[in-house]
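Given next, in structure tokens, is a single chain: the form predicted alone.
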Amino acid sequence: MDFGFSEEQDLLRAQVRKFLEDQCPLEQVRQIAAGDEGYCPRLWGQLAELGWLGLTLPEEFGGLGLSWVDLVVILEETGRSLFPSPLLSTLLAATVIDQHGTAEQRQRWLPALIDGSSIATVALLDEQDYLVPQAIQLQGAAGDGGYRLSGEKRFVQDATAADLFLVAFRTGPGDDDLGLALVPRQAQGVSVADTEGWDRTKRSGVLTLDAVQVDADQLLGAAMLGAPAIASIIDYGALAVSAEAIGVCEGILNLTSQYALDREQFGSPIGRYQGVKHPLAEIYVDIECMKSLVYYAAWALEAQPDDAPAAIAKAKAYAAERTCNAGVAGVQLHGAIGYTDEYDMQLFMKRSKWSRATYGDEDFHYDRVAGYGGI
């Protein structure tokens, strides 16, 4: 079994890296992060032109029909450059619509998501932020041929940028009573507020629903999809975040290694000392381990789907733990200045914290791994 990348995938990586280095260096990342939108509309349009937004989506809707392994290549590079955009959120929402939507829903929404004219995100979490079906408590009250939704969704990624929300709700206490509603931002009763977070390259917000009417054609798949659909969203999200985490660790390693070469103490670069070498070597080993886990999980999504949930849980558990450790080590090796706004290391530290929590931290996913192992 060959897990090496093809020539086409290597070319894709080179194209993505060159684009991000040219169009969004860290100086530009800082500017976007300091702005109100949280992303650059001009760059967003360029992503659509390059085909990134529809990489894994069917060609009949304007996508490229490639695999999740190809998508991992892009996400590694966006993580490596700390690229601020609603790419991950839109890709996740589009994947869910493609997987579970009716023919009419796919035709209505996928072309707009692929050409960049629409931005979407998934709204799962309520007051409880635990990623299990039982934690979804937003109730849908039956009426007028559909449902009315009232409540809040928290920690919604790219909420202020999105114009379409996939809202998880329930109509009863059981796992089969869970559904996903396609809620446009302009719908009556919908409001969004930004949540002030410490990583402004990754925005989140609160979605408030005040008696929002969800008609029958807005119910994803025209049915209550149940807990398996929610579980698939968590898996896709965890895999995507893990892929970005590889790039984040590579960025930390590159930045800190260069600092270790440039910074001199007692007349020598600090990189010659074992106390600096060893943590950098550990980050490198962690990156290689993360790659093995993430690449296999992405491959398993299509080649061995029964193995994919456990593989994704392993990848996210390891990535959540080791990316955060890499961020801490990077700051420590920079010394006290690593925390300051002047240095780029603090940007990677913040992203490592975001990567740890989003779509489940290591404790959550190690529990999943144990469950799949029968423990």
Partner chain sequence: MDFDFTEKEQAFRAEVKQFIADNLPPPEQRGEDFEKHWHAKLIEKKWIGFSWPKEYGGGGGTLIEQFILKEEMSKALAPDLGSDFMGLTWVGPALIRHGTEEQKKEFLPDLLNCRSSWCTGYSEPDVGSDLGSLKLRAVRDGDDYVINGSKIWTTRAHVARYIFLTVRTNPEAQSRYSGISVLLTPMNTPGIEVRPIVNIVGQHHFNQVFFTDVRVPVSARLGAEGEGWKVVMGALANERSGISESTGMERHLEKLKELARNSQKGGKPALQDAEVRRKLARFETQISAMRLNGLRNLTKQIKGAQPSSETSVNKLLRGILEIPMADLAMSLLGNEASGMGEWQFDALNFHGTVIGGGSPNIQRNIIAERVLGLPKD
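Quantities reported herein were computed from a predicted structural model and do not represent experimental measurements. Residue numbers count along the first chain shown, from 1.
Below, we refer to the form predicted together with the partner chain, which is not included among the displayed structures.
A.B. asks: Quick check: do 288, 349 and 371 each get a heavy atom within 4.5 Å of the partner chain in the predicted complex?
C.D. replies: Spot residues vs the partner chain: full contact, yes.
A.B. asks: Have a look at 305, 275, 173, 145 for me and say which one sits with a heavy atom within 4.5 Å of the partner chain in the predicted complex.
C.D. replies: Filtering the options by heavy-atom distance leaves 275.
A.B. asks: Looking at 161, 207, 181, 253, which has any heavy atom no more than 4.5 Å from the partner chain in the predicted complex?
C.D. replies: Contact residue from the list: 253.
A.B. asks: Would residue 69 count as a contact of the partner chain in the predicted complex, using a 4.5 angstroms cut-off between non-hydrogen atoms?
C.D. replies: Yes - in the predicted complex, heavy atoms of residue 69 and the partner chain come within 4.5 Å of each other.
A.B. asks: Taking the partner chain as it sits in the predicted complex, is residue 336 near enough to touch it, meaning that at least one heavy atom pair lies within 4.5 angstroms?
C.D. replies: Within the cut-off, so yes.
A.B. asks: Does the partner chain get within 4.5 angstroms of any non-hydrogen atom of residue 185 in the predicted complex?
C.D. replies: No - in the predicted complex, heavy atoms of residue 185 and the partner chain never come within 4.5 Å of each other.
A.B. asks: So in the predicted complex, does any heavy atom of residue 28 sit within 4.5 Å of the partner chain?
C.D. replies: No, residue 28 is distant from the partner.
A.B. asks: Tell me which stretch of 92-100, 123-131, 163-171, 240-248 has a heavy atom within 4.5 angstroms of the partner chain in the predicted complex.
C.D. replies: After filtering at 4.5 Å, what remains is 123-131.
A.B. asks: Go through 289-303 residue by residue and record those having a heavy atom within 4.5 Å of the partner chain in the predicted complex; state none if no residue qualifies.
C.D. replies: The stretch 289-303, when checked against the partner chain in the predicted complex, contributes 289, 291, 292, 293, 295, 296, 299 at the 4.5 Å heavy-atom cut-off.
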